[in-house]
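In the block that follows, a single chain appears as structure tokens, in the form predicted on its own.
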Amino acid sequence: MPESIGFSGHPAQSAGATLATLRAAALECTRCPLAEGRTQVVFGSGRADADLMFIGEGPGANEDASGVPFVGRAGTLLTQLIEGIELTREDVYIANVVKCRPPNNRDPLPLEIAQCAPWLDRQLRLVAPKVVVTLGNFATKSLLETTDGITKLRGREFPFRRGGVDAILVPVLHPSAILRNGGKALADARADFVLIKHRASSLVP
């Protein structure tokens, strides 16, 4: 019997099984000091063969408690923005630069990013997204290896090659920043998600 083929054309069942194996290994990770203070590893969630992959900075308190990326108010807003382009969270894949919560939600340190990078690289390779969306300032700077801020970079498209993936990267404001600023920030985010939808649709064979 042939393998089930996902929307983006690669085997959903085998990709999912391999992501499950990778997740099981990540749950035992003690590579960096963040492991000492975590409740649990927040590996990632969503469709194993998604064309669209969202990457944030790292887990917060809600994520550390639930084991799921982007929950709470910020997660609700992210879900709404995804649904605004006629998708669901089950249609996309969501992950973070680091998989364990930094103390007091501080920015991850260079050592922590470096030690966690192989997990993200393998997630990228297995999911093989066509469009990568960085959520917020930290994730954008980290993945694009730039010092430019999110307000300068948001809503633009950048070539992205990492983990064996050749994709388009679109930076957007972090949902928490949108909640803090409202108004124009929300309008900007909605416009950026329309761009993401058009870009993803244009790349689907």
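Nothing here was measured: the structure is a model prediction, and the numbers come from that model. Counting begins at 1, following the sequence as shown.
Separately, the form predicted in complex with a small molecule exists; it is not shown, and the next lines address it.
Participant: Can all three of Y93, Q123 and P129 be found with a heavy atom no more than 4.5 Å from the small molecule in the predicted bound form?
Facilitator: Looking in the predicted bound form, the three residues Y93, Q123 and P129 all stay beyond 4.5 Å of the small molecule (heavy atoms).
Participant: Since the chain is shown here on its own, which stretch among 149-157, 30-38, 164-172, 55-63 would lie within 4.5 Å of the small molecule in the predicted bound form, judged by heavy atoms?
Facilitator: Correct option: 55-63.
Participant: Would P69 sit within 4.5 Å of the small molecule in the predicted bound form, counting heavy atoms only?
Facilitator: So P69 counts as contacting the small molecule.
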